[in-house]
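As structure tokens, one chain now follows by itself in the form predicted on its own.
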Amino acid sequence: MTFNDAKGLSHLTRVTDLKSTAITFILELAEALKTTNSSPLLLKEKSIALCFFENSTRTRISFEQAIHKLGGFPIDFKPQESSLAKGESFEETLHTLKALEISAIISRHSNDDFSKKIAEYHILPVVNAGDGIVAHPTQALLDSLTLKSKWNSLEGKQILILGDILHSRVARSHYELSQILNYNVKVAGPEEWIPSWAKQSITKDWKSFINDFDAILCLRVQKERMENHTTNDDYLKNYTFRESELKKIKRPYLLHPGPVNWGIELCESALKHPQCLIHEQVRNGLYLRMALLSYLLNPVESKKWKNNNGP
């Protein structure tokens, strides 16, 4: 899947849909939008449907707010209250939305590659707000925006992803993004939670080398994607970011995509640590999604605005 498909539609289903130049532009546009006093109406009169089959706070509300701030209209499409519940196919639903002058669809689903499958209908532009365990491209991009504001560039940086790697779509998107932006990803977690794509990146004794990393991304334990899950003592001992680790931190920034299971992934006092960027991640999610939607649905005007207002 490319950013522009054969029918001329633009999609974001994986970060690999974007070239490095496009990512750089989106991050710079996000920074410019973050500092402007008045948001440009780059989505003026565009209606965008949010189709979330899974619950969400940060991702959903930031997309809704992004559309509002850019002059568009977010449409709350509730699958359980739609004709999908009567047996209508998603393809026909997309045709219906297009006929009702919807400009794009933002989707979240528990199935892997759901957004890619609906993009292949070539009916509406699709933005992936989280697919199964394989992709959450806007989360990886907003994390990179958050870190870029500290370093200016991610190139050559060492980032540790800690915890439930197997069930994390964020981890997979970061791994893909690292190949484009040239930063290095290491992972640490229980052996049964390390997928095949991450085995070459395992670091065993992460606690001893905590200040060798530039950033540490703690992941939520995805209990809803497991059967009969219980967090065992081994996990709490070896992969929880505890007070003892927090006291050692001098160099790395701390991130978490949220929501946090406090005491399992992170100790609660981490939120007050000066290296913790969790609240900045949430704020940057708004501006990253504003920039992405602008670039996706109004590329010409977004480039003009950025040239007049950005770096």
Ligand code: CP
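All figures in this text were calculated on a predicted structure; none of them were measured in a lab. Residue numbers here begin at 1 and follow the sequence given.
Although it is not shown, the form predicted in complex with the ligand is what the next lines describe.
Screening 247-255, 24-32, 49-57, 262-270 for residues having heavy atoms within 4.5 Å of the ligand in the model of the complex returns a single hit, 49-57.
The ligand in the model of the complex is approached by Q139, whose closest heavy atom lies within 4.5 angstroms of it.
The closest non-hydrogen atom of R108 lies within 4.5 Å of the ligand in the model of the complex.
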